[in-house]
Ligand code: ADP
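Given as structure tokens, the chain that follows is alone and in the form predicted alone.
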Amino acid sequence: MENFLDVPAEHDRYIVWEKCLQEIRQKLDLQAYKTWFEPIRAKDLEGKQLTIEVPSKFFYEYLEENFVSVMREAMNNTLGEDSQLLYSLRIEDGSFGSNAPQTPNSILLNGNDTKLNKEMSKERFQELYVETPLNFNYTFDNFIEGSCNRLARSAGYAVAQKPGTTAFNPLMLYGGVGLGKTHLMQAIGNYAKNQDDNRKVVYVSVDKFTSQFVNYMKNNDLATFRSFYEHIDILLIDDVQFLGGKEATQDIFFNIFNHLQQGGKQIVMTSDCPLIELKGLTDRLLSRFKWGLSADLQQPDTETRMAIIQKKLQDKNIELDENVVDYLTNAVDSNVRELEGAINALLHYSVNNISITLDIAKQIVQNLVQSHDDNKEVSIDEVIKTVSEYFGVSVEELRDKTRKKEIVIARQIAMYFAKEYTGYSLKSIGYQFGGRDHSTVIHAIQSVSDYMAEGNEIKRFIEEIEKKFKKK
């Protein structure tokens, strides 16, 4: 073996690490090598102790979790059996200064290496599993296929049969409210779990994921949170549009996404809009989402609505007059959720031995439509005028650049209602409020949602203003 002690001190660490990389490169696929080893720099060499510089703590943890044996063998072959590898974390600007670690985290590659300290108790893992359950009522058997959802259903079934091995990874299911996205996604998880009970399948909404992330970060236990998600086989994540504007959540999700996909694990996501319309997401995250397949679910056509009604009645062993079935099929055409709501209301009558007539069906549908009309669209000018009158501020103040606290809160609430009650895009809403960027609108909507979750005075403001819109 070449004697590296004869190499000038300012160069020997680079040569030693390059020698290790030559071995590592031969044992990994090109993508894994480029992702996890090209960013590493040789920092220092003292005898048989090599220090390498890595971009982040997560990077170091991933190396230890996945490539420690390859690295140990390369170090042993290059510097000898008693060689040591130490890590130093790169600070943000890529240099080392007074804030850099004085003593790098060390991992001894001599057969007694200290693994990443996980401190992941079974109780903490179990807590996360309890928070991410599957609904076993959602199956492929009771998911009615039609022209409105055929591609999504076919792709979902393919993924369920061979998770992580198809070209549909990630699989993005998108469409409006109540069209069956969550049903189909959980059907994938239930089918895959039934095929292999050892599979770790997790369903979680973005809101729940964010809440978990904040909770574990607050308790200085992100290692458990990240490791939980990195060790599952199928991740089903609902409503990814709500990742918009949540930079820290996007960062951790990006790392988890990479880890799962590189490990051949399956990711299924839902969104209320196609990828091109997702707002407030980083380019690197959007690019990952585009790696797989996007499939939309549309409003159910007449045949699909009829099939849904007949399937529901068959499952409950209930018969309805043909004219009632025809009426429901044609009267409720907006989405599957509303259709099932109408059917469930009718079944309530049947269970109580009340004959379901066409008049009863019409009354139920009218109530359903009335409830839907409570959220009818209003103009953005109406929203701004209503909010300005409620808070006693002028329309101009809501639209200009003032940063007074009371104006900012009123403006955020106006943006929130503009998103709730109008068909305007985030960009268009921002334009109506003094030409603001869509990210400002996202921040406003999220801030109001957070206020409401806290149950403070702003929640009362929202409820009182909402009543004004419902009277219009």
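Numbers for residues come from their place in the sequence shown, where the first is 1. Not measured: the values here are computed from a predicted model.
There is another form of the same protein, the form predicted together with the ligand; it is not shown, and what comes next is about it.
Segments offered: 226-234, 382-390, 172-180, 397-405. Contacting the ligand in the model of the complex at heavy atom distances within 4.5 Å is 172-180. Heavy atoms of no residue among K208, T210 and D450 are located within 4.5 Å of the ligand in the model of the complex. Q266 falls outside the set of residues with a heavy atom inside 4.5 Å of the ligand in the model of the complex.
Contact check for A160: every heavy atom lies farther than 4.5 Å from the ligand in the model of the complex.
Mapping the unseen interface onto this chain, D296 falls outside it, with no heavy atom inside 4.5 Å of the ligand in the model of the complex. Within 4.5 Å of some heavy atom of the ligand in the model of the complex lies at least one heavy atom of I144. Checked against the ligand in the model of the complex, the residues L85, I308, A187, I343 give one hit for a heavy atom within 4.5 Å, which is I308. Proximity to the ligand in the model of the complex, taken as a non-hydrogen atom within 4.5 angstroms, holds for one residue of R72, R337, R199, H259, which is R337.
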